[in-house]
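To begin, one chain is listed below as structure tokens, in the form predicted alone.
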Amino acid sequence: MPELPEVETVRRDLEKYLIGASFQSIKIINFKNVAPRATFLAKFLKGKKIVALGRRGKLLIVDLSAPDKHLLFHLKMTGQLIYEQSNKTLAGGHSLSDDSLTKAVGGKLPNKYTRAIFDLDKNRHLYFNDIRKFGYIKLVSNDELRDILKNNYGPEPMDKEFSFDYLKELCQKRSAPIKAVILNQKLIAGLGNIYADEALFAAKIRPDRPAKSLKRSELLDLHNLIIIIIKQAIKARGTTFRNYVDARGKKGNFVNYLQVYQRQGQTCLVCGGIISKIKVAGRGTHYCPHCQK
């Protein structure tokens, strides 16, 4: 699943082409994760302009020229947003293939994975592709968006609200594993499995330790390293294994900097020990038993 750095990379790449574009027609294909209903959405969006493209955690937020309305896209596990104009194609999200951009989006567009087609002015098109249909499209008001963000998303690692004191308060009374705490989107938005494993390794903290057991010095390190690693991952345009490609259809380069994630059975790059894999909070979790205590 794309995490904060991957979704932010998609947002930045698409922003330069989508701002100012206006919707001409919308077609929803074999896709129920749309609210309100598809016919209303198609009628409402016609003629509306895209004035901003934002993000919260892994949620993409399209601000519209209509007052009090926003269009939300969540890629979930296998979603893609693909922009097409003449001979230019930009795709961001889950990749179907490593061979080419066309194969990465499932073939010539639209294809069997296309769930929605947004025809824009100037012969531009935006496709929402999703293999497993877990993603969603929603039209919401200001109040609805505020409630969604308030109820489902904590501060992001680079927000000023994500302070050391905030992290300390989260952890000091929680007996849940520290990885479960930092993965909770309601507490920290956008931090996923890859970067949680990497931050905990960098901070030398076992992922299954009770959050309340962490010392002040450990929390200081973890707080700083979460921010550093997320910034590095954004700069590297995310991490690619089998799925994610950025909006250029390219792989994220942070895979070259991974210390533990998906390196189980391999040698630790710090101590020479063997990287282990366990389950924490239902997620496959990678760590070094020697380096992390």
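Residues carry their position along the shown sequence, with the first being 1. Predicted model, so just to flag it, every value in this text is computed and none were measured.
Beyond the structure shown, there is the form predicted together with the DNA, which is absent from this document and is the topic of what follows.
Exercise. In the predicted bound form, does Pro207 have a heavy atom within 4.5 Å of the DNA?
Worked result: No, Pro207 sits far enough from the DNA in the predicted bound form that none of its heavy atoms falls within 4.5 Å.
Exercise. Going by a heavy atom distance of 4.5 Å, is Lys16 a contact of the DNA in the predicted bound form?
Worked result: Judged by the heavy-atom cut-off of 4.5 Å, Lys16 is well away from the DNA in the predicted bound form.
Exercise. So in the predicted bound form, does Leu167 come within 4.5 Å of the DNA, heavy atom to heavy atom?
Worked result: Close contact is absent here: in the predicted bound form, Leu167 is far from the DNA, nothing within 4.5 Å, heavy atoms only.
For this session: May I ask you to check whether Gln259 falls inside a 4.5 Å heavy atom distance of the DNA in the predicted bound form?
Result: The answer is no: Gln259 has no heavy atom within 4.5 Å of the DNA.
Problem set entry | in the predicted bound form, the residue from Lys76, Arg124, His223, Lys138 that sits within 4.5 Å of the DNA by heavy atoms | The residue from Lys76, Arg124, His223, Lys138 that makes the contact is Lys76.
For this session: Note which of Phe162, Tyr113, Phe118, Tyr83 lies within 4.5 Å of the DNA in the predicted bound form, where distance is taken over heavy atoms; exactly one does.
Result: Of the listed residues, the single hit is Tyr113.
Exercise. If contact means any heavy atom within 4.5 Å, which of 198 to 206, 139 to 147, 182 to 190, 215 to 223 contacts the DNA in the predicted bound form?
Worked result: In short, 182 to 190.
For this session: Flag this candidate site as yes only if Lys27, Lys69 and Pro155 all have a heavy atom within 4.5 Å of the DNA in the predicted bound form; otherwise mark no.
Result: No, none of the three is in contact.
Exercise. Within 268 to 293, which residues come within 4.5 Å of the DNA in the predicted bound form, counting heavy atoms only?
Worked result: Residues within 4.5 Å: Lys277, Lys279, Arg283, Gly284.
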